[in-house]
Ligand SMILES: Cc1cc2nc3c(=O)[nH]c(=O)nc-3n(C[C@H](O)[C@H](O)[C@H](O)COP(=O)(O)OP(=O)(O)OC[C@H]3O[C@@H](n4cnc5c(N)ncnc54)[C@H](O)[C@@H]3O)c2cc1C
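Okay, here we've got a single chain as structure tokens, the form predicted on its own, with questions on binding and movement later.
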Amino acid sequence: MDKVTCIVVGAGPAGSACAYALARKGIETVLLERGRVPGEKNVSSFVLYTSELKRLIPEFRKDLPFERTVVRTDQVQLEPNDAKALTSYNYQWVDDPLAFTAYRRKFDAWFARKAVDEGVQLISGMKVNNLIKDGDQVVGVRVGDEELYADVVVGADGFHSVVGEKSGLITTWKPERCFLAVKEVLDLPSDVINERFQVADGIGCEQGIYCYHMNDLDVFSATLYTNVDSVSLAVFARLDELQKKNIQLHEQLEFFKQHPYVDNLIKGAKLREYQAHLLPDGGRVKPENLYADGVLLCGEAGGITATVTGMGIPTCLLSGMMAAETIGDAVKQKDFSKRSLKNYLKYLDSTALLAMVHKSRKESDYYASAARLEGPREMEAAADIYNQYWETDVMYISKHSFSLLVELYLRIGQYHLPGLLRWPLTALVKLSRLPAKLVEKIKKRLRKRYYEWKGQPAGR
């Protein structure tokens, strides 16, 4: 093959978005995919938020292979003995959808075909094992014994990025900065799904489920959403905690499925597909390491994901589009050096992506340290506060009044304030409760003396 302008490695959402956008600019692009067809290695379903896709392909709904339109969203806090859910129905999303459930296998193949229709050359079954360099400049890739040359190479090859590793842009991400995810697709009849999730044909539901102290795991979360005739259930846990406690996540998933809340939704379902995947917790690559001479990283390869909030596909799509804008400028300038490709940061900063990368790195620091104790403790406190508030609202035996705002502050809020503010405010809040306690104590003492004087039982 003669030299081309751009080689994109990986035909996932980031790679196909980049290749599609480059082809629309008339830039000669080759898209390499290690699977026999794009999406072959991604068997599971996912939730597709469409704002970025709509920007790239406005008419995507004409032939997008989706399952259901997500109209209902639930936030669920799961405890060993109960569950609390906040449910939201957004009926405007029926006619103007924000999100769909879909299968990666079908979606990735569809997206790659869109890129091919625009003029991209797709080569499947090609696993890149190294980069070709001229000094510090990346000038191509090696696929087995073959060499393919390009002015610029885009790494969109996921968490285990060969492009990122061989270019020296990424390093191994430590276990305390990674999640392990295990996902199952479970067959259920469509009418059963409609009844259990309170939806209709073509309408779907997505649930974010958060747990604490679940079967010895301090940090544990899950997602559950509906397809046409199946539901997808994925669980997430910190890799280092799994290793330290010698817990197998697939066993944890089976335990999780036995919880009454989950069991009522998936009872009788049969396993269709199973997948495990390693996820960085966000901000894996420093912004200045997203580019080098002749190479760019986008999507999960560059750590441009918001794993903690569950946003992966939209950020991958948008980063691929911004990589294409950067390469478009480099083509005009005929300069593919690091100095030219630095414009990638400018384009990322024109969206929310660069700020997200910085925020994700800070969140990663937090989740690798303080969050190990604070997260479960705060979730437990929130559940306890809710229970106390509800019980106080329906019980009239005790005269004790439950102060919701005070409890929220003392048990959760104070830990999120700077130290200089935390202690004075905490002291003031505690002092403000003393007069009420003192008055109640005086009343009890006076009532006791009154009943003693009358010769009656003291009562309350």
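Fair warning: this is a prediction, and the values are worked out from it, not measured in the lab. The first residue of the shown sequence is 1; numbering continues from there.
From this point on, the text means the form predicted in complex with the ligand, which you will not see here.
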(request) Using a 4.5 Å heavy atom cut-off, indicate which stretch of 312-320, 242-250, 73-81, 262-270 touches the ligand in the model of the complex. (result) 312-320
(request) Please check if residue 238 has a heavy atom lying within 4.5 Å of any heavy atom of the ligand in the model of the complex. (result) no
(message) Please determine whether residue 46 contacts the ligand in the model of the complex, using a 4.5 Å cut-off between heavy atoms.
(response) yes
(message) Is it the case that residue 126, even though its partner is missing from this view, gets within 4.5 Å of the ligand in the model of the complex, heavy atoms only?
(response) yes
(message) Even though the partner isn't displayed, in the model of the complex is residue 162 close enough to the ligand, meaning a heavy atom within 4.5 Å?
(response) yes
(message) Whether 157, 225 and 305 jointly form a contact site for the ligand in the model of the complex is the question; each needs a heavy atom within 4.5 Å.
(response) yes
(message) Just to be sure I understand the contacts: of 219, 345, 181, 331, which is the one whose heavy atoms reach within 4.5 angstroms of the ligand in the model of the complex?
(response) 181
(request) Could you check which residue among 166, 104, 177, 257 gets a heavy atom within 4.5 Å of the ligand in the model of the complex? (result) 104
(request) For the stretch 73-91, return the residues whose heavy atoms include at least one within 4.5 Å of the ligand in the model of the complex, in the order they occur. (result) none
